[in-house]
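Next comes just one chain, in C-alpha cells: the form predicted on its own.
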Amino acid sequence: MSGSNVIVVCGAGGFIGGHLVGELLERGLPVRAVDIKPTDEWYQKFDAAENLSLDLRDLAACRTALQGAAEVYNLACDMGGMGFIETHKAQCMISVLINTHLLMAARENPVERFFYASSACVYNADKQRDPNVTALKEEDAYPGLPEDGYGWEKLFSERMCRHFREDYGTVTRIARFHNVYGPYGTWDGGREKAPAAMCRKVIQAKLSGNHDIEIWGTGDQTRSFMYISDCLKGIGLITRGDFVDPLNLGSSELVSINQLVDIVEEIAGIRLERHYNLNAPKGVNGRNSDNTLIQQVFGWEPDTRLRDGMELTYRWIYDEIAAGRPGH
C-alpha cells in the first residue's frame, strides 16, 4: 500500500483496534493495520487492510508502519484489566516506547492527524477513594497521582503528544477511555476487564450448574462502562475535531460491580451465590466520567445503555464459550 493517504491503526490486533479497522474500511478508506501479535492471533483481521506484524517499541518498526501515513491511531499498549495492570507495572510502562517512537516517526514523516488512546487511569487517585465518586473532570488529572505503572505511562505519553504538538506542529488528539467493552475482545486469561469477566463467570456458572460466582473486592466499587460503538464514534469526533487537549471518552452511567453482576444475571436468567475475594485486585473505589466538556465541544456523549451493550457482549461471549473457542 503506497501513497500518502494511508490510515494506520496501531494495536489493530486488539479489541478496540480491530473494531476501528473495520469501521474505517466500511467507509472505504485505505487502512494499514499493525500489531505485535502474529496476524492469526488478532481478534479481527480484515483482508482488505494491509496487515503488518511489527514491534512498535522499536523506532525502525514505527518508521515502517508510518510510511506514507496520513492519519495515525495509536491504540497499541501492553495492558489488560485490573488483575493485569496491578501485577505487571513495569511491563505496562514499557509501552511508553511505542508512543514515543510513533511520535518521532510521525515527525519525520509528517502526518495530518495523530490520535492517542489514553485512559481514565491517569486521574488522581485521591479523587477516587469513595464509591459515591464525583465524576472526574479532565482537570482532575493534576496534580499527578495516576494508577501506578499503567496510569503513569499514559499520563507521560499525553504530555509527549502535547509537546510534539507545541514544539514540532504534530497535530495530536487525545481521548481518555473509560472502560470500553463489547464483542471481539478478551474474556478470559487474566487480561479481561470487568464486563467480559462477569459475562464469562455467569455463563460458566449457568452451563456448569455450579451457581457460585467470585467477585473481586466488596462489589461496592463503582465504574462506568462504554460500549465499543460509542468509543468508535468518539474517536472519530476527537480525531477530526479542533479541540487539542485530552477529553474524557466514557459513559456517565455509574454502576457498582454488584449492579453489573445484577445486569448479567438478568440477561442470563439466573441468580448466583456471591463470594467476595477481598484480597484480589480491585482498583480505585470509584471512577466515573464527567462528560461536560465533550458535550460542550461536540454536542454529544456516549449514550448506549449499559444493559443494552452488556446483552450484546453476553451473547457473543456465550457463543464463544459454547463453541469451545479460547477467550484470549
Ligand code: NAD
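Don't overthink the numbering: it's just position in the shown sequence, from 1. Everything quoted here is computed from the prediction, not taken from an experiment.
What comes next is about the form predicted together with nicotinamide-adenine-dinucleotide (NAD), which does not appear here.
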Note to self: Counting heavy atoms only and using a 4.5 Å cut-off, do W187, C199 and I263 all touch nicotinamide-adenine-dinucleotide (NAD) in the predicted complex?
What the structure shows: no
Counting only non-hydrogen atoms and a 4.5 angstroms cut-off, does A268 reach nicotinamide-adenine-dinucleotide (NAD) in the predicted complex? no
- Message: Against nicotinamide-adenine-dinucleotide (NAD) in the predicted complex, would F114 count as a contact residue? Criterion: heavy atoms within 4.5 Å.
- Response: no
**Message:** At 4.5 Å between heavy atoms, is R223 in contact with nicotinamide-adenine-dinucleotide (NAD) in the predicted complex?
**Reply:** no
| message | Is R57 near nicotinamide-adenine-dinucleotide (NAD)? Define near as a heavy atom within 4.5 Å, in the predicted complex. | response | yes
nicotinamide-adenine-dinucleotide (NAD) in the predicted complex has a heavy atom of only one listed residue within 4.5 Å, and of L75, I215, L247, L237 that residue is L75
Students should find that, of T170, N179, Q128, S252, the residue having a non-hydrogen atom no more than 4.5 angstroms from nicotinamide-adenine-dinucleotide (NAD) in the predicted complex is N179
Counting only non-hydrogen atoms, the one stretch of 290-298, 255-263, 272-280, 35-43 within 4.5 angstroms of nicotinamide-adenine-dinucleotide (NAD) in the predicted complex is 35-43
Near nicotinamide-adenine-dinucleotide (NAD) in the predicted complex, with a heavy atom at 4.5 Å or closer, the residues from 95-131 are I98, A117, S118, S119
